[in-house]
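Single chain ahead, by itself, as structure tokens, in the form predicted on its own.
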Amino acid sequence: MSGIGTGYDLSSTTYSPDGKIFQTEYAQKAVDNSSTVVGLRCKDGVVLACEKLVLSKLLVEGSNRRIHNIDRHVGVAVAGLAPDGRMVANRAWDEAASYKRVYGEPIPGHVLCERVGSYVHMFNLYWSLRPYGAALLLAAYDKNGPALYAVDPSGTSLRYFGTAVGKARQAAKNEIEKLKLNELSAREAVIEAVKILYKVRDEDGKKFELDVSWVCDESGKVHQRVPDELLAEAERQAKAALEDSDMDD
């Protein structure tokens, strides 16, 4: 770095004169430059949708996982560095298993979110560690109903009706704000999430896959990938919507 950042970006324990922690900002930049991830909390569940670039023609389809199961009622979608996200997801799995072992019931979504946020934040406190370059969208369906949470590299954990992280996050958020989420069913939310990812992605010609999961009444309040036929229908509608938009232009 140059100017005011010189010498202040060598450790996550050092503040710059204007109050910034550059190591944490660099970790957030890794998230901001990654593929887009969208989360929608609808009236009967939560939908997570990820855009995954196909890096090689030799890559086996579905092997580049961005969505992980944490417990029967909880799943996470990862943006940023995939190995970092996997480590945080593994920690979330440990926290869920520990809570069930101690209290004899599934971990509530807000408790898991706070625990994961505290764990991620710890990596911003010690000079011998580096912040995780990953953000998580966490979908849960517990006794309090469906809920969507987000944890960023600083350890900030927030609850949302709908949000997006990654390269096209702002355009995706603008589209999410147009939706009446409290009136959408989970099936409708899947279609809307896929439409958003198709609409906001860069037109660079690169091949990509979609990874979409839900936890809702239709899935029995269990986090799982959406049925193949529903995903195929959502992609068909998304492509048709793009073609109609191009014709209007």
Partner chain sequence: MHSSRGASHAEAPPSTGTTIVACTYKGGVVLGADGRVSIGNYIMNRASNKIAPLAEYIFLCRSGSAPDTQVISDNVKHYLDQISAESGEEPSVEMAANLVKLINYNNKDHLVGAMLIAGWDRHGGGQVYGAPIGGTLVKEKWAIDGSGSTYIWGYCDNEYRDDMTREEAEKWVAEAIALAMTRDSSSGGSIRLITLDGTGAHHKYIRGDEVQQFVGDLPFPAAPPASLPLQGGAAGSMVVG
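Computed from a predicted model, the values in this text were never measured in an experiment. Numbering follows the first chain given and starts at 1.
The same protein has a further form, the form predicted in complex with its partner chain, not shown here; the description that follows concerns it.
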Which residue, 119, 93, 161, 99, is the contact with its partner chain in the model of the complex, using a 4.5 Å heavy atom cutoff?
99
Scan 144, 156, 128, 170 and let me know which has any heavy atom within 4.5 Å of its partner chain in the model of the complex.
144
Specify the contacting stretch among 171-179, 110-118, 132-140, 69-77, defined as having any heavy atom within 4.5 Å of its partner chain in the model of the complex.
110-118
Members of 27-41 lying within 4.5 angstroms of its partner chain, judged by heavy atom, in the model of the complex
none
